[in-house]
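As structure tokens, one chain now follows by itself in the form predicted on its own.
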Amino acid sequence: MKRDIAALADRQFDVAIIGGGIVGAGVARDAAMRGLSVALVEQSDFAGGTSSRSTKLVHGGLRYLEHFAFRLVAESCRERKILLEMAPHLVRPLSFLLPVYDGDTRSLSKIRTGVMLYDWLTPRHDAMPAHQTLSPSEAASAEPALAGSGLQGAVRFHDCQMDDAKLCIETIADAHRHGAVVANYCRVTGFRREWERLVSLQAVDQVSGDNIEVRAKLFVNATGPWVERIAKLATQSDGAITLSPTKGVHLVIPRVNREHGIYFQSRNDRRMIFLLPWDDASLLGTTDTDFDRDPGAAHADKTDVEYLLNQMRLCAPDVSVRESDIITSFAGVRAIIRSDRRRPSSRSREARIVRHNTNLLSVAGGKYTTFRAISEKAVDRACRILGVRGTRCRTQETPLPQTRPPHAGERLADSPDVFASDITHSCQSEMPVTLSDLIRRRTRLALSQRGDESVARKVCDIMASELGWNDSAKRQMLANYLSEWSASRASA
């Protein structure tokens, strides 16, 4: 997968997709597999926004049962099974403990009832056994960090953990293998219209500075928290889609879990919080607060950090994690459709597909877990608009190829496991433009204790050799990455 800007301008495509997050990636793969000609442009790096800043879970959404979102949970459980079979190298089963304490707003009997319904909605899979109820001593034995005082017991259930950025990038790479023309760092600046119909999008290549035009019969706006802005740019009007974006913050901290994910109730605001194993560290999150600023500027502030650490101290009081111990942090913005519910956590995670004018579809809302199903619905609708018949979605039964070669060369890190051959493969096949693209999204180095300068220099040297950077470019790339790395730690 090589960056070829000229290929975007040399013909009219059936479908042009704006947005290289997971929904845009899913639409591109599905449409290309159906034989449509596809173009995709992304303003930053693939998965550069919310799609690399999630809780890293493919899950049914146990807590949504509390809001009677049975359809969403059932769909999410079905999609979890599909993704587990479609990309087993990126989506793996994970056992969870949900502890219950004296005074919790959700009793142990209520939790058991909810998990029984969760099991009933879950398609059978050998790697996803039914739930179990654990006594206080069994829960403490399974995860010794859990607070013992007031512990009534715990429920053990299963969901899946994923590498969100890699799943997005490999989905785009597979779309490319099926003929899609894709490019990162292409920012859409406008559209050309004829009456009520869009004819082309205008964009600027942020690498060369060149202006480009992409012609298509139909356009799909899959830009996540930027969906309102692109819809307004295309239609010159407001109101077709209205979001209530929320910010979700995560902290990477020294390892707390033994082997389970811990899903626990906040003592302050009834929210549910995850403490997950993450290589040799733990991932703590998430917050859910209203956010009305530039999604690209979202970061963990002091209030976010204090909230998460305070909740963890109540869950695992014998584990000392101070702000200075935080390895790194990240924040993403959820593109939630506006509702009249005051609490962000109670707002629906359902997706909507909106048609504007004659040939523009906008996809808003949704969960990462359901991206494939959302994409299928969007492409079904695109085919109807285009008058294309006789095609069907094949993504459900088509595995995502595992293309990474065997490890070779110097071992750059052991948790996550990264070798020189991984860097070379990424440069040749995954379209990284900057050092940060590779360290943050094509490996998990930036979300680990190995994201520091010593490893970054080695990665930079390999990238420079593969991509032809001179010494000045190398210095600039390294300085830019280290500035981001420092900022993510300073936020925490």
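All values derive from a computational prediction rather than experimental measurement. Heads up: residue numbers just count along the shown sequence, starting at 1.
A second form of this protein, the form predicted in complex with a small molecule, is not displayed here; the remarks below concern that form.
Q: For the interface check, one of 460-468, 445-453, 52-60, 419-427 should have non-hydrogen atoms within 4.5 Å of the small molecule in the predicted complex; which one?
A: After filtering at 4.5 Å, what remains is 52-60.
Q: Check whether S44 has any heavy atom within 4.5 Å of a heavy atom of the small molecule in the predicted complex, and answer yes or no.
A: Judged by the heavy-atom cut-off of 4.5 Å, S44 is in contact with the small molecule in the predicted complex.
Q: Is T369 part of the interface with the small molecule in the predicted complex - any heavy atom within 4.5 Å?
A: Looking in the predicted complex, residue contacts with the small molecule include T369, since a heavy atom lies within 4.5 Å.
Q: Is there a heavy atom of S282 lying 4.5 Å or less from a heavy atom of the small molecule in the predicted complex?
A: Result no; S282 lies far from the small molecule in the predicted complex.
Q: Can any non-hydrogen atom of F219 be found within 4.5 angstroms of the small molecule in the predicted complex?
A: No.
Q: Considering the small molecule in the predicted complex, which of C186, L98, L251, L167 comes within 4.5 Å of it through any heavy atom?
A: Flagged contact: C186.
Q: Which residue, V333, L90, A231, A316, has a heavy atom that falls within 4.5 Å of the small molecule in the predicted complex?
A: Of the listed residues, the single hit is V333.
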